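We begin with a single chain expressed as structure tokens, specifically the form predicted alone.
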Amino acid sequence: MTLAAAIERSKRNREDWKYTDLPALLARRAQNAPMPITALPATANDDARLVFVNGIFHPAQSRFGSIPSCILMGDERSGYKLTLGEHTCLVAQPVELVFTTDESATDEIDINLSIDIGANGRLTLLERHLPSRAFSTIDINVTLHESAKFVHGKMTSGGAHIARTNVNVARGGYYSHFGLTRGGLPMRHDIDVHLMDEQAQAALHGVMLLRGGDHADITTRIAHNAPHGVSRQMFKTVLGDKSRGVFQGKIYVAPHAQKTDGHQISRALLLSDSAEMDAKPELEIYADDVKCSHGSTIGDLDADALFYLRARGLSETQARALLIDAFTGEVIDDIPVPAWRDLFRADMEGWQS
């Protein structure tokens, strides 16, 4: 996926992009000062970290730990493929993919990545996108074979970022996504999950932290294409200043996908009267024996709770931070990898300071 393709897609699918005017946001971005290039951060684990600079894999800066180096193949032109086959069906340690840039970065960086996890395979992977002057697009296609499990984390730290993650889940497979978005102009992430066979499952969770003129858009689509599928979605957004957040979530249930259990919730916390949140939950159900629901709430900080905390000696800044932590904690606490929880919390603390 290139930037031109993303712009064309936004023009063709006007309903899906009604809250995110990509050409207008790109014009706004062009007027802003470029973001500084940041050094590689401390890794979330001691063993496996695969580093991409300007969209190109750099083995010299990477660390494979106990995983075989052949797990990642390809190049920037044909795309990269991460495969867990018969001999590498189980990766016990979390793997980090770090995407960064240097001074030679061009205006646009395009990344294509395929992830294929064989039957009964297990992979825990954190995708980290560092601030960049370049506009990055990333297209990830995931295939989970029978009873495979993929725990997928993602952190973005501002800049211009358009992403699409497409996931196909076979019988008994499980896809779990945890995302932290800290700013963006623009940031758009489309997550499409197809539960293809019986007892396939998916869980999508995310937090967006927006301020200034940030604009971030999370759009999810979960398609239940077989009976006994289970899906859960929870996304929380904190907005300050003149930022704008978008959450669009759709659950589709095919006619033969009986016994589907799908639930979705979006909650937003407005810290400013000038901030804006657009939420569009959607159900499209063609089966009659299902349990499905969706919901959306938008509000500001509770004045009584603030008063209570201030009355017990906390400053206004401390009280607001505590309430924000409580609001987002429902998502952060569910992250299954302790090191990831620490990273997400540290990023949130940096955003609030």
Partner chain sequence: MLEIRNLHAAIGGKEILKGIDLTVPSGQVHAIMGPNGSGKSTLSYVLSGREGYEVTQGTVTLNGQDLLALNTEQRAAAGVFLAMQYPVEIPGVTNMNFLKTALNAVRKSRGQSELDAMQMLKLLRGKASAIGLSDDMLKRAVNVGFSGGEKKRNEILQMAVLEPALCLLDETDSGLDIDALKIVSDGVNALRAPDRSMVVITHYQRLLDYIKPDAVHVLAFGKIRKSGGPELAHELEARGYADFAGEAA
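What you are looking at is a predicted structure, and each value in this text was computed from that prediction instead of being measured. Residue numbers count along the first chain shown, from 1.
In what follows, reference is made to the form predicted together with its partner chain, a form of this protein that is not presented.
Colleague: Specify the contacting stretch among 23-31, 286-294, 57-65, 301-309, defined as having any heavy atom within 4.5 Å of its partner chain in the model of the complex.
Modeller: Of the options, only 301-309 has residues within 4.5 Å of the partner.
Colleague: Is there a heavy atom of residue 326 lying 4.5 Å or less from a heavy atom of its partner chain in the model of the complex?
Modeller: Residue 326: yes, in contact with its partner chain in the model of the complex.
Colleague: Can you check whether residue 318 is within 4.5 Å of its partner chain in the model of the complex, heavy atom basis?
Modeller: The answer is yes: residue 318 has a heavy atom within 4.5 Å of its partner chain.
Colleague: So in the model of the complex, is its partner chain close enough to residue 322 to count as touching (4.5 Å, heavy atoms)?
Modeller: Because a heavy atom of residue 322 falls inside 4.5 Å of its partner chain in the model of the complex, the answer is yes.
Colleague: Using heavy atoms and a 4.5 Å limit, would one call residue 314 a contact residue for its partner chain in the model of the complex?
Modeller: Contact with its partner chain, yes.
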